[in-house]
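There is one chain below, alone, in structure tokens, taken in the form predicted alone.
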């Protein structure tokens, strides 16, 4: 089904989740991923599209393929623990897809939490792992609190800097509830993720003020500002960007300085046309995962009852006219329910990219 959007916008094509899953899985298989890894990578990637985070879903598939073609992704990694204590571990992703390395490392955190109450895992030698929320949410089914972070391509200028030294460095925290929907925070430590600029580029739209600065350090509404030598801006805007800078720095340290991955300006870029640093300080890209058993603090049912009360209280808060108070995770959960039934909309440039990818492996949408 193709719908013509307003005049300046490209067409949108809606594909079912099942159709998109089969296509994406076939592409990962074509790259040489073992069957189990191809399925896991597809589930991880498409979780972004289901939850409405279109910047991190199949729109990124062509990027993974290009990195693989450039020899920068190992399609069949041997992911393993290189150092551990009862509650902590370092996982080496062996250059694999972060979409596979991430879930495997989160499983290590869950296993350790099951044994000793909490598990903390720092990862090196990985790649882009999709949306952070997917990994944190793995804890929910086990009555655990999940935490996920990752560093990313250096596109962000710290407060007052003209240099790009950090990534969008997201943080996700998932907390189980009882009768209420679970609490799921998934946020970049920048005002906006780079993928949102990419969407604006595809739609030929400007970006809001406060998202980016140009090469001279002046705020810009040009969606191509970062491409043209500018930078993304930390969360907090003109008067509070030091807070986003600080959060992004913590993610970088936990994900990479702790594990032995590259950090700061040495993080390998996601785009294949930019080469990694000739003098890396670590291995690949880094992640950080945590899992905490709720019953290590108080009985799980008791905790979830109070989480229900917390959520209900905030949801019922008196709001400004025309709005209502949301709980982190509400928009994504609602979008997921709709898209599972009605399909996932793809902008025409994304569809063309997918067709290009499919032609490489003899796979059709």
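As the structure is a computational prediction, the values presented were derived from the model and not from experiment. C-alpha atoms forming the largest set that superposes within 1.5 Å between two forms make up the rigid core. Positions refer to the first chain, counted from 1.
The following text describes the form predicted in complex with another copy of the chain, which does not appear among the structures shown.
Using a 4.5 Å heavy atom cutoff, 295, 310 and 328 all lie near another copy of the chain in the predicted bound form. Checked against another copy of the chain in the predicted bound form, the residues 117, 95, 195, 103 give one hit for a heavy atom within 4.5 Å, which is 117. Distance criterion of 4.5 Å from any heavy atom to another copy of the chain in the predicted bound form singles out 265 from the list 265, 276, 181, 80. Shown alone here, residue 204 lies farther than 4.5 Å from another copy of the chain in the predicted bound form, counting heavy atoms only. The closest non-hydrogen atom of residue 159 lies within 4.5 Å of another copy of the chain in the predicted bound form. Contact between residue 319 and another copy of the chain in the predicted bound form is found at the 4.5 Å heavy atom cutoff. Contact annotation for residue 281: at least one heavy atom lies within 4.5 Å of another copy of the chain in the predicted bound form. Here the chain stands by itself, but in the predicted bound form one stretch of 117 to 125, 67 to 75, 220 to 228, 131 to 139, 117 to 125, has heavy atoms within 4.5 Å of another copy of the chain.
If you take 255 to 271 and check each residue for a heavy atom within 4.5 Å of another copy of the chain in the predicted bound form, you get 256, 257, 258, 259, 260, 263, 264, 265, 266, in sequence order. Core-aligned CA deviation for residue 219 between the shown form and the other one: 2 Å or greater.
With the core held fixed between the shown form and the other one, residue 164 has its Cα displaced by under 2 Å.
Core-superposed comparison between the shown form and the other one: CA of residue 196 displaced by 2 Å or more.
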